[in-house]
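Next up: just one chain, as structure tokens, the form predicted on its own.
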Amino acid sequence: MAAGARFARAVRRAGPWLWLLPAMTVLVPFFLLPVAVLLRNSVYRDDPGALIVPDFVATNYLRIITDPYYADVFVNTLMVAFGVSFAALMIGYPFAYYLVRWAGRSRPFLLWAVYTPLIVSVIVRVFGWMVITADSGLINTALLSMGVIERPVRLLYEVAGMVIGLTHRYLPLMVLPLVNSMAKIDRALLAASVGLGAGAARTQLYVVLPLSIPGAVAGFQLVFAGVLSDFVLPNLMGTTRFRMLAPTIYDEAVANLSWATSAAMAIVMLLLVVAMLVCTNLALRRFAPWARTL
């Protein structure tokens, strides 16, 4: 009996780890090990003849911090990541609220419209936006026909066109967490707020907005991390006059054969994502402590 009880306790203790085993079999070989290799390469030395030389130096990180070129790349990427995340929040919030609160029978169709861009290949979407943002594309044609502009606005291969494409690509990652967060709000709370004289505007401000903050934070994190590491859109819709991080890492590794430098940049990019996640989670706990129970 004692042996059986000990075995049962051991099984109960190991239960959570057994549930984690499938995830760990994917996480360890396909994420942790590659990150470990990148971290090792980031402290090696670049050598034109040997590509990369085993060493233990901080030269690559110092060059990234002190070189104005790399500083501009990081600043550009952070600006675009924050800008696209904010734009996605401003666009996605009212859409998510309408979808949860007022959509009714059209909700399945609207959800389908949100999910579809995630299914379509990013290359297909990029070429679609290249057609729309071209000098003779849909946007310029519409503005010219309405007399808003006298000559085509340069969007394609500029920062503006790239931001439009990035916002479209990552908007579903903002809408879906917001929809999930707003759907959890008890409608009795909204009815009670209106019944106590708060009105629709104050109910939105003091009830819906605070309770939907977790979804907004989750969407912001997803969009920010995606934009920070995006390679396709900056490469196909952006401009070499405004360098972004992922294409620069690729150029360092493939064109310049600076594998150690590119590894250091990739590690810094990962640290930026981790720092953003930690800061937003701490801010959520500090300014929205009720979110822990949602």
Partner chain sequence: MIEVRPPSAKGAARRAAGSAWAERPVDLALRCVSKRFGGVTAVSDCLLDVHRGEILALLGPSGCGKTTLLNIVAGFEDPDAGTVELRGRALNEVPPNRRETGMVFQHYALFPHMTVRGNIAYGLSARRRPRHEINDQVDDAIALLKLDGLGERYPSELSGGQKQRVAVARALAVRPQVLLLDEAFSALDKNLREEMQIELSLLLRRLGITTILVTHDQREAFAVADRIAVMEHGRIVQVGTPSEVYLAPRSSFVLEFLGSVNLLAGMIRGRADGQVAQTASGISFRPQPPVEAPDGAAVRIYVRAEDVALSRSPTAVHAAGPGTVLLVTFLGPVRRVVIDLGGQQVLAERPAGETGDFGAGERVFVDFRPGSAHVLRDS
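Only a predicted model underlies this, so the values are computations on that prediction, with no experimental measurement involved. Residue numbers count along the first chain shown, from 1.
Missing here is the form predicted together with its partner chain; even so, the following discussion is about that form.
Proximity to its partner chain in the model of the complex, defined as a heavy atom within 4.5 Å, holds among 192, 183, 138, 149 only for 192. Comment: its partner chain is not present in this chain, but in the model of the complex one of 111, 91, 130, 207 has a heavy atom within 4.5 Å of it, namely 207. The stretch from 208 to 216, 120 to 128, 168 to 176, 69 to 77 that comes within 4.5 Å of its partner chain in the model of the complex, counting heavy atoms only, is 208 to 216.
Contact check for residue 198: a heavy atom falls within 4.5 Å of its partner chain in the model of the complex. Under a 4.5 angstroms non-hydrogen atom cutoff, its partner chain in the model of the complex lacks residue 221 among its neighbouring residues. The closest non-hydrogen atom of residue 188 lies within 4.5 Å of its partner chain in the model of the complex.
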